[in-house]
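Next up is one chain by itself, shown in structure tokens, the form predicted alone.
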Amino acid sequence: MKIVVMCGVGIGTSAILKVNTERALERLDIDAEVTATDVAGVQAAGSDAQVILTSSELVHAIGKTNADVIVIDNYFDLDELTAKLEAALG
């Protein structure tokens, strides 16, 4: 399984979201490859992703995708990440 986390520039916030996504997946006992990207790279990085995590401000930048797009309100909230990933991944 592949999960892509996306932020605007691809430096700080995507790294934070990547680490916290990995922690949330550990809580759920789900093994997945988590890749961080920015707006410019989301089409390439997300081409084979099952899930793309981003903020509400950047959803429009994702474009057409077969992945489930999950909006994360607080990149630091492990409970939010865990709940939204669990709902999406069953």
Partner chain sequence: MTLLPLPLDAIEIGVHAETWRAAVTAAGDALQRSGSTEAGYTERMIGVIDEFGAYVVIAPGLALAHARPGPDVLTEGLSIVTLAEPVAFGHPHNDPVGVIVGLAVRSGDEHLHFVAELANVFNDPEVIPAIAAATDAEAIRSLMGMTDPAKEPE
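Numbering follows the first chain given and starts at 1. This structure is a prediction, so every number in the text was calculated from the model and none was measured.
This protein has a second form, the form predicted in complex with the partner chain, left out of what is shown; the following refers to that one.
*Asks:* Check whether Asp31 has any heavy atom within 4.5 Å of a heavy atom of the partner chain in the predicted complex, and answer yes or no.
*Replies:* Answer no; every heavy atom of Asp31 is more than 4.5 Å from the partner chain in the predicted complex.
*Asks:* Given that the partner is absent here, does Cys7 sit within 4.5 Å of the partner chain in the predicted complex, heavy atoms only?
*Replies:* Yes, Cys7 sits close enough to the partner chain in the predicted complex that at least one of its heavy atoms falls within 4.5 Å.
*Asks:* In the predicted complex, is there a heavy atom of the partner chain that lies within 4.5 Å of any heavy atom of Leu58, even though the partner is absent here?
*Replies:* Residue-level check for Leu58: yes, a contact with the partner chain.
*Asks:* If you check in the predicted complex, is Thr82 within 4.5 Å of the partner chain, heavy atoms only?
*Replies:* Close contact is absent here: in the predicted complex, Thr82 is far from the partner chain, nothing within 4.5 Å, heavy atoms only.
*Asks:* Which residues from 54-78 come close to the partner chain in the predicted complex, meaning a heavy atom within 4.5 Å?
*Replies:* Stretch hits, in order: Ser55, Ser56, Glu57, Leu58, Asp73, Asn74, Tyr75, Phe76, Leu78.
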